[in-house]
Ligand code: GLU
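The chain that follows stands alone, in the form predicted alone, written as structure tokens.
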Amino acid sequence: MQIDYQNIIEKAYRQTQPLKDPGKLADYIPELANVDPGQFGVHYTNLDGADFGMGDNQVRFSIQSIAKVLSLTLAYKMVGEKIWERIDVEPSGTKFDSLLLLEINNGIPRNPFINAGAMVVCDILVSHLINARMEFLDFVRDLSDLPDLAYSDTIADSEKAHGHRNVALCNFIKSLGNIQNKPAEVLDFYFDMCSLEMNCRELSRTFSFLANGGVKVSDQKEIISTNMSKRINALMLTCGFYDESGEFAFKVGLPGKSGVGGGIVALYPRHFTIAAWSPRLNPKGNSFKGMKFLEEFTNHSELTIF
């Protein structure tokens, strides 16, 4: 059956765009509070190369926690299954920057997408790379086919100046023995990683390797094995939306990952990736309109992994 994705996206976008958005900007990172809150873009990329976007889909934004999927991909590629000795694979059930479960679990974060888990992933990369900051950037540049991709020093500096809770998290994990490098070095890399900027089109294309069994679509290069891709997709489904992951799986039914910059990327294995961006966040830290759009998109297309 041929599905008219363009018509479905147009319908879902037009239903979502006029909704009153009760969300708030992520003003605890001051630089993110300067973003125009009315922007809203979406972009769809099919594995056969077809793509379509609407709205502010060409405006770059801070992808924030969405980058955690990419750092996990590189670390998993490098150390293999040993990575799960230092990070669990369970939904947290708590806020993304919570310290509550770390002491109970002896410094093992519940999953790689909460802040604590992403810091352990960064620590692994710092240990295994000569220059984690540049080698990770080179990895994402190659993955995205964006040779000009760069960290945003302005956003990274804004996070470094106000990320006191993240500093506490990293030092707490260090005290429990699951950070091996200097916390300051790990945190610098973590803040840089989260400062990457892409637009919806770039983001949907970058993540297409996870919809394609770990193989990059543009040049058919294997990034990770099919089995690793499956595991990362499973983690995105169960843990990709902080303590709202169950809600996203229930209403949307696709693996995905959100960031407090207002971006969301989701995918349907062997078919497509889709990205949405609207900077106003709901109380759980996820884009209000992004969540609504993706719910409408899967309702109209009737395509979910379930």
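From a predicted model like this one, the values you see are computed outputs, not experimental measurements. So that there is no doubt, residue numbering starts at 1 and follows the sequence shown.
FYI, the form predicted in complex with the named molecule isn't displayed, but the following is about it.
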Look at the candidate spot formed by Thr73, Phe139 and Val215 and say whether the named molecule comes within 4.5 Å of a heavy atom in all three of them in the predicted bound form. no
Proximity to the named molecule in the predicted bound form (heavy atom, within 4.5 Å), stretch among 126 to 134, 77 to 85, 159 to 167, 205 to 213: 159 to 167
Of the residues Ser245, Thr45, Asn57, Ser65, which one places a heavy atom within 4.5 Å of the named molecule in the predicted bound form? Ser65
Would you kindly say which of Val260, Leu267, Cys239, Ala249 lies with a heavy atom within 4.5 Å of the named molecule in the predicted bound form? Val260
In the predicted bound form, does Ile29 come within 4.5 Å of the named molecule, counting heavy atoms only? yes
Is there a heavy atom of Phe189 no more than 4.5 Å from a heavy atom of the named molecule in the predicted bound form? no
Would Ile179 count as a contact of the named molecule in the predicted bound form, using a 4.5 angstroms cut-off between non-hydrogen atoms? no
Ser229: touches the named molecule in the predicted bound form, heavy atom cutoff 4.5 angstroms: no
